[in-house]
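Listed next as structure tokens is one chain, alone, in the form predicted on its own.
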Amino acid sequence: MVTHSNETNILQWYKEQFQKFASRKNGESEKLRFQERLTALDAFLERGFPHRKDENWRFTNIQPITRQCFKIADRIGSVPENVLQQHFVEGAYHIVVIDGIVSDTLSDTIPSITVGSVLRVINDYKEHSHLQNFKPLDKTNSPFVLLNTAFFVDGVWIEVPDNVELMQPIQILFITTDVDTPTAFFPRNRYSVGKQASVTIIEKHTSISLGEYFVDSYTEINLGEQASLHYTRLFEEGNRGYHVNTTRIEQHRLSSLTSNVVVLGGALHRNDFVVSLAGEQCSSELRGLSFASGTQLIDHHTLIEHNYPHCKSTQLYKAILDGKARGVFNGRIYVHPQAQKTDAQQSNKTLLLCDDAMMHVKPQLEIFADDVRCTHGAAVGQLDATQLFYLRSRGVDEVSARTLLTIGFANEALEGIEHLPVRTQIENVVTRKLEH
């Protein structure tokens, strides 16, 4: 049980907020999922927020979240059309989520697949038997997953039927509007890709708020046999934004995942990414890039579980840290005894642009099979003085030389992004930050 007085007050705050939240649900207590909200809340109140004594949160200071009484969002703000257009990616279908709520009027209709509000699907559970693919509530989940389960209002549901290959990417724009008091948002998403189906999903998380806010997001993804998913996420939160993101992916036989995550903004960002290889001959490629400056904290925790033989996974995460920024990478590969012929590789590289920046790295291999090929490595350093001298000797000014070398360092982490407009957009943002 929680004993710290300040945290007890915060937990009591969330308990009171839930009572107000439940009263606004207009009889949702009759719905199938409402009991799960209550169960999740009770589990969260019993466990409380994670502490830095917990090894998985050792280097992640979440006090900005746990010391603030965030109001649960109870309205949808407005976003000017020109602002939306600035964030839209060319050549993609667009789904718009404002303050955690799917906007039907601003979102495109996408042929051949089911897409829309996850809450509507859940509330019509009896008409959607495939909802049995949802994972049942696990009380041992992260406290942030429990909190999301209790308070989520909406999110995006995507279902790609068997044998459908969607040639045009889907961009989901999650945008937080201006808040006049510290506010919390809880988007919850579910993506399902059927047998021999293929899709590209691009998420962008951003904000037009100058105020303090907290986003606790949770996403479940299921890949059927021989399914293929290209999954790119770009986070550009506000300077006073805190985002804790949890994503869980289950892959079935012969499925393929290419994941890219890029974090370029926000005061605090925590990304927990779990992949379960639940069939033979799955492949999973994870790439990540973080750019932090000032006092930002960006934390990536990954877990890839090899449950079946002949599966392959690769991880490449890079970080660029400036000012007094802090970075964390905790990558874990778990190979079960039956997962023979596993091929797993993990690499983390960090570029420190000044002496005050700091990176914490913890690569982990847990191998219980004897016929595997698994490697991991980590490196932390600064720009190569020889390369910098070479560019300066060819007439390149120091700022441009440093920018060129830093962009070159980042490019390897961006190679998995197939949609060129997205990659170009990210490169432009990184370049502007470096020049600034």
Partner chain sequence: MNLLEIRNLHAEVEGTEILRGVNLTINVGEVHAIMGPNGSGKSTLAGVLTGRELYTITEGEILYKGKDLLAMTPEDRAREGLFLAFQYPVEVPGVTNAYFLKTALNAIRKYRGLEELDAMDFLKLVRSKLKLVDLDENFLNRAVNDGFSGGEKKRNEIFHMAVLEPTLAILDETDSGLDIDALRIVADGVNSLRKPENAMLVITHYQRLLNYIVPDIVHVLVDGKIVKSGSKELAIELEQRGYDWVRETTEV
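Fair warning: this is a prediction, and the values are worked out from it, not measured in the lab. Numbering follows the first chain given and starts at 1.
Keep in mind that the form predicted together with the partner chain is not shown, yet the notes after this line are about it.
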Handout entry: One stretch from 43 to 51, 64 to 72, 404 to 412, 369 to 377 that, in the predicted complex, holds residues within 4.5 Å of the partner chain by heavy atom
Key = 404 to 412
Handout entry: is_contact(residue 39, the partner chain) in the predicted complex, heavy atom dist at most 4.5 Å
Key = no
Exercise for the section: Would you please decide whether residue 34 lies within 4.5 angstroms of the partner chain in the predicted complex, comparing each non-hydrogen atom pair? Expected result: no
Handout entry: 4.5 angstroms heavy atom contact with the partner chain in the predicted complex for residue 387
Key = yes
Exercise for the section: Indicate whether residue 58 is a 4.5 Å heavy atom neighbour of the partner chain in the predicted complex. Expected result: no
Exercise for the section: For the heavy atom contacts within 4.5 Å of the partner chain in the predicted complex, list the residues of 376 to 400 involved, in sequence order. Expected result: 386, 387, 389, 390, 391, 392, 393, 394, 395, 396, 397, 398
